Every structure is written in structure tokens, then in C-alpha cells.
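Consider the single chain below, provided in C-alpha cells and representing the form predicted on its own.
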């Protein structure tokens, strides 16, 4: 078992290649994402996560469809999201869809809850963006209950009540998928993750680390406050961004046109400013290793590191070459270095097998009266 999980996440953008002017078709991009996931497993990564978007220029509108297809073509890869929209999806449908995926993938599933970064998505699904945080809080409270109670009676503000409702299928082995709560700005979401003892994923790819250090520290403190363990036992995941080449200058030369025209931060800060202030590394494998290792100094020991590597119009061939470098030259060193001096009380990254074993251990140690009730 790996103490830390390394993987990649995709936002699924369909962006013109600025060096050729060619835009892939939606079909090409969807198939490319599948190829990238398969490559991730081939090179020894642990996790593939897809975003959820309902607007151009993005294609991953149905994460469980995509992940179910990938599940059939992989054996070890943990399939996750980056994110699942807890605000605009019905929590009943999330409960059903991800439990189904969990069964099909033999437990290789977790998910990241988020509110998304596209304002218009709320009215498209009949929701009010001004209720974003209350929606996230109420919808997740219901989802949490649906996965843990066989029969649910529930009434809230944002959807019709449920009476004697059972979500099917039930979670595999009686253990729901592990949930990360993703946020780049909201202390309320860090608080929510802490309250449930879930993971907190800080997708720290756009802003300087001091902002995320505050969010992660808040999550750790509140995790302990709610009695789930010590602050350093909280489950933390981080985002990152890489473009690799054995020669640093060549990496910068090749990536610059993609960076300059990227749909998210293109035509904004310079590549040099962005790499100095955020986790983006454009350079050699050694530079990627050194920068990623600084994350522990900033945020403490953590459980999951995901990298964005397939956006901004980068051609599939280039992304697959990047994954070869990541899997062969970067991640093995990171695994070894992060394992050094890792305190024994810091938990390993969550897996279905470990969580099933923990659930069995907890039930064995529970008072017999409680089991009988």
C-alpha cells in the first residue's frame, strides 16, 4: 500500500493547439482522456480524476460514464473526480451513480465534491448561485445519509422530501466511496470536510500557497475539533501542474505558447511569474521533484498529489510522453522522499480495501449491545 497517492486530473478542455491552430473534435478529446487514464496506470500512477463541466469548451459532462468505461480498461487505477458538482446535481442521483460505479470498479472509486467554477451552471439546473454554500452543505448532508442509512426519511430546503427511501445499489461492502471536498476559496467547505472526517483537496494551482495554507490549517484544526484525530491525521490532497523535459530551457520553450493561450490563465501573468508564485513547474524532472517536495514544508504531510498535464491544447502524443517522464523519473523519487521521516501517526492515503478493513475492525470492537440494537 502506498502512503501517498500520485495521479493526474483533467479538466477536459477542448482547446486549439496554438502551435498548429488545430482544434481536436469532442470525440478525439474524450478518447484522448481515456488513453491518458490508461497511460497513467501503465506508468504506475495511482489515481485518474476527471472534472465535471456542462459548458463548452469542456467535454466531461458525465464523469461516471467516462470512469465506468475506464474501469473496464484498467485494473489498479483509482477513479476519481475533480470535481463532482454537489450543488447542481441531485444528491440522490450522485448516491446512485457513484455506488453503481463503485461496484463496477470493484471499489476503485472515490470522488471530490465541489461547487464548480462556472456561474451559469446553476440556472441551467434550476438552482440559484447565491445559495451555493447552503446547497453544498445541505446536499452533502443528504448524500452522506443516503450512503449510510438503508431507509432515509429526509426534508430540507432545496429538494422534495424523501419518505422511506432506499438508494440503490447500496455501497460496495457497506462502505461508501471516500469523499474529498474540494475548494480554492471557501472556509465553509474546509469546515464541512472536517465535520464529517472526510478529505480536503486544495487545488492550489492558481493562487500563492499562503492562501491555501490558511484553508488547510483551518481544516486540520477543525478535523481535530470534531474528534476525528490529531490535526496531522487529517486527509489532505493537493493539486499541481507540470510540463517536463530533460532540458529546462527546452521545456519552457515548448510550453510557453500553450501557457500564453490557455483558456484559464492565458493572456494574464507571465509564465515566469506564474511558476514562481504557484505550483506550476515547467522544467526538468529534478526541478519538478524539488518543487513538489516543498509542498510538505508548506502544508504538512499529506495523502494525495494530483497533477494537471493535459490542458491548453497540448496534443495527446505530448501528454503521453509527459506521463512517461512523470511515471519513470519523478513519481518514484517523490514516493521515496515523501516516505522519509513521515510520522507513524500520519495515515496512509484512503483505499477501499483499507476502509473495509477499518469498518470490520470498528464493528468487532463495538459493544455487543450496540451491535444488537
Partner chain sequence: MTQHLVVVSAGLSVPSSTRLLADRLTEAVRAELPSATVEFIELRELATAIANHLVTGFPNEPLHKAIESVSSADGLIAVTPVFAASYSGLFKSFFDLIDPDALTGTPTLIAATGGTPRHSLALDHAIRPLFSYLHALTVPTSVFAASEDWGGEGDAFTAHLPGRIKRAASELAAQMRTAGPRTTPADDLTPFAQQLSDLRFD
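Positions refer to the first chain, counted from 1. Being a predicted model, the structure only gives us computed values, none of them experimental.
FYI, the form predicted together with its partner chain isn't displayed, but the following is about it.
At a distance of at most 4.5 angstroms from its partner chain in the predicted bound form, all three residues 218, 264 and 267 contribute at least one non-hydrogen atom.
With the partner removed from view, the residue among 293, 133, 121, 224 that has a non-hydrogen atom within 4.5 Å of its partner chain in the predicted bound form turns out to be 133. Only one of 157, 149, 73, 246 comes within 4.5 Å of its partner chain in the predicted bound form through a heavy atom, and that residue is 157.
Heavy atoms within 4.5 Å of its partner chain in the predicted bound form map, among the stretches 104 to 112, 121 to 129, 81 to 89, 194 to 202, onto 194 to 202 alone. In the predicted bound form, residue 241 stays away from its partner chain, with no heavy atom inside 4.5 Å. Taking the partner from the other structure, its partner chain in the predicted bound form has a heavy atom within 4.5 Å of a heavy atom of residue 278. Although the partner is absent here, residue 141 sits close enough that one of its heavy atoms falls within 4.5 Å of its partner chain in the predicted bound form.
Among residues of the shown chain, residue 165 is not one whose heavy atoms approach its partner chain to within 4.5 Å in the predicted bound form.
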